[in-house]
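In structure tokens, one chain follows: the form predicted on its own.
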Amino acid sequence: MSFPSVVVIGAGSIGTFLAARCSTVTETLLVARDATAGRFAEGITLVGAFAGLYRVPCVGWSQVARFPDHCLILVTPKIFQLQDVLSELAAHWRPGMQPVLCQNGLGVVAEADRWLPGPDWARAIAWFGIRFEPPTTAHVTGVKSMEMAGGDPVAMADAAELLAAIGVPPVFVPDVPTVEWRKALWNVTLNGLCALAEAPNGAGDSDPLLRPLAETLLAEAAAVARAEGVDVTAEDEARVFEGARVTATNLNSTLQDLWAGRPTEMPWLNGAVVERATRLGVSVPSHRLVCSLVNYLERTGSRKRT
């Protein structure tokens, strides 16, 4: 089968992994910041699953001339970077392209529409355990699936076949809120908790002190999702701890952001749970606590590693 050309925007953990794997089956371009694009001249190294050196063309935004017609655009930077990324994408946007938002968090499509209204956004959630180690290495500790919703049905069917070909099982979910909440349950249960404990994902499942806290966070978040009309199943809840076991040694993105002194995704994770719970009249005291503590560490920079 002939797959569509792929443009991957963002050279972090998810972006480098997807660019590396997509390059094995179709024309692929990785777009990074001008300051970092040059480091990928010799390729991307994957360690763990799909180990190898992948030579993927990488350019900075100032070097982008024109994206291929009818390409699949995988937008992978974190949600708080969308404003800058989508302002650049707007200059190259043409009808027929299929953009796919691959961020963690709740309300991502609405956030994208603030900065680039008009595209038929698709939403994808990566059930991956990947840690990016500069300058060009991604440590892959587990790849379970890519869940997707929205977008043009024909383009997304092609995207699903491409993902299957690169070893990433595609899963279609009925709607965007469902696909976001299914992964958000995992993130809001484990990210903030394990970041505060400076512990890997597996601690949220196996540690006798952290597991009860994780269960409370999960129960509160599930109550908010159900209040919004999302059908959260027992399987969805069980998958949170299954995912913790599969990626037991992985250090989540919130912890990595605190160590690096970067902003976290907290406003779209536990912060979004708190905001929605307030609007719906649902009690979420554990999420308020986690959100406040992570925000404090982010503001003070007290977890930054020099």
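Residue numbers run from 1 along the displayed sequence. Small disclaimer: the values here were computed from a predicted structure and weren't measured.
Below: the form predicted in complex with a small molecule, not depicted.
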{"query": "Interface membership of residue 126, the small molecule in the predicted complex, 4.5 Å heavy atom rule", "finding": "yes"}
{"query": "In the predicted complex, residue 183 touching the small molecule (heavy atom, 4.5 Å)", "finding": "yes"}
{"query": "4.5 angstroms heavy atom contact with the small molecule in the predicted complex for residue 136", "finding": "no"}
{"query": "Residue contact check: residue 130 to the small molecule in the predicted complex, 4.5 Å heavy atom", "finding": "yes"}
{"query": "Residue stretch of 99-107, 215-223, 195-203, 164-172 approaching the small molecule in the predicted complex, non-hydrogen atom distance within 4.5 Å", "finding": "99-107"}
{"query": "Candidate spot 20, 27 and 68, all three touching the small molecule in the predicted complex (heavy atom, 4.5 Å)", "finding": "no"}
{"query": "In the predicted complex, the one of 156, 143, 85, 73 near the small molecule [non-hydrogen atom within 4.5 angstroms]", "finding": "85"}
{"query": "In the predicted complex, the one of 14, 297, 291, 284 near the small molecule [non-hydrogen atom within 4.5 angstroms]", "finding": "14"}
